[in-house]
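Below, in structure tokens: the form predicted on its own, a single chain.
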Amino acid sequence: MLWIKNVHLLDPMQGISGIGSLLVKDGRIAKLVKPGEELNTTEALAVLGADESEALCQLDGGGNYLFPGLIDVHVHLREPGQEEKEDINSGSRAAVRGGFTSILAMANTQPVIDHRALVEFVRLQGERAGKARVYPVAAVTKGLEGRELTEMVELKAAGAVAFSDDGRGIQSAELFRLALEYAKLTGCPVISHCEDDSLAGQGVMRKGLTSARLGLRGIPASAESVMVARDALLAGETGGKLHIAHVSTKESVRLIRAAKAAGVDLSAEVNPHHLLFSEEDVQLTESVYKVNPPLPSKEDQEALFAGLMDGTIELLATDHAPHTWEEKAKPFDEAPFGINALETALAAVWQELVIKRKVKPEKIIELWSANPARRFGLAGGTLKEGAPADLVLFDPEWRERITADSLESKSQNTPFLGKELQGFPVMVWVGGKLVLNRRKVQD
């Protein structure tokens, strides 16, 4: 049993922001003492069904934020098959260090997560790791080949919470239409990697003046937006549940806004790196900035932020994509796409958006906890009584320099390596179990 006192509670789902306390029993929130309310020890023990002789752990939060654990709906854990980059254990440790108590593991592993046994493997490996909750995302097509649909109903029964061929865009409109139809039987969203291969070609960054100056092959913004338009139309036609991954262009934002206005069951995410970096940050010697979709123009960035603030884009997601040092040390046009993000995303967003008063703390929790829980039908996302005690105690003043030694992830392909960030989780609970405690380091 746990009583967390003197904390700034943040729960957008209930409209709560202010100093209060919270009681935890049997892995769930037993009592939420809202701002302005009071609770003495006798009353707390009565709520917990305990007497004075029973141990009640009391924790003073020091006025720091306490909010529901973050939920990242876009993570690449690489297991099975590429454990040298990341495995479920290391990825789970990285997740809780970054404040994520639930993560959705993408299917583009080796072998691809396209069979029941593999879905069960990912789920059980997550349970064995004992850190963040790991939810498998199963493939839409067998082998990610874009030819034949997987057995979605069976994969859902095994534990899949969504379906995606992320890493590859499904080029056949008819196959994607069928996928949306079939997925309705499961109630799960289809997550779309919107990329037209004929337009993207062999590009390595956003097509524009910067790509021309650097002499790098460019990917036009239309490679994403034409597929967003196609998939939104198909979702409207089928009544399917569509989620657009890693939105990065102003045209995509406009199309998503119009589709929602037309009543299409559609949600969308943006990655922190698309909000914080642009094509102008790309350097030939820094392949850490090579991501897919590529870093946007400044104009795109403004549209992404506007879409985030007006509700067109309802989720933040990291697209955590770890790679080995050797892979990312290659020349820019040869290195793989991807940024390591689980441990730095919240701090980077906090430092660049919250501290600079561009976004309120409540909005961050809405985008990264409440909305993902709603959209993907997951437990958590709130501090309501009876909800799982997936909690983050967050210190907005905590500063840390990111180093290879400080990362729990096996990979270090982060643009923040060697840089100091402000605002980190100091304690994290999953199902009432303490899975991260950094306060003792400072004390």
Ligand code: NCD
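All residue numbers refer to positions in the sequence shown, first residue = 1. Source: prediction; values computed, not measured.
Absent from the display: the form predicted in complex with the ligand. The rest refers to it.
> Which pick from Pro189, Gly338, Gly218, Gly126 sits with a heavy atom within 4.5 Å of the ligand in the predicted complex?
In short, Gly338.
> By the heavy atom within 4.5 Å rule, which residue out of Lys131, His193, Lys207, Arg97 makes contact with the ligand in the predicted complex?
Partner contact (heavy atom, 4.5 Å) among the options: His193.
> According to a 4.5 angstroms non-hydrogen atom cut-off, is Gly167 in contact with the ligand in the predicted complex?
Yes, contact at 4.5 Å.
> Should Ser211 be counted as a contact of the ligand in the predicted complex, where contact means heavy atoms within 4.5 Å?
No, Ser211 sits far enough from the ligand in the predicted complex that none of its heavy atoms falls within 4.5 Å.
> Please run the contact check for Gln351 against the ligand in the predicted complex: heavy atoms, 4.5 angstroms, yes or no?
The answer is no: Gln351 has no heavy atom within 4.5 Å of the ligand.
> Give a yes or no for Asn292: in the predicted complex, does one of its heavy atoms lie within 4.5 Å of a heavy atom belonging to the ligand?
Contact with the ligand, yes.
> Tell me the stretch among 196 to 204, 330 to 338, 279 to 287, 367 to 375 that has any heavy atom within 4.5 angstroms of the ligand in the predicted complex.
The contacting stretch here is 330 to 338.
> Mind listing which residues of 314 to 334 have a heavy atom within 4.5 Å of the ligand in the predicted complex?
Stretch hits, in order: Asp319, Ala321, His323.
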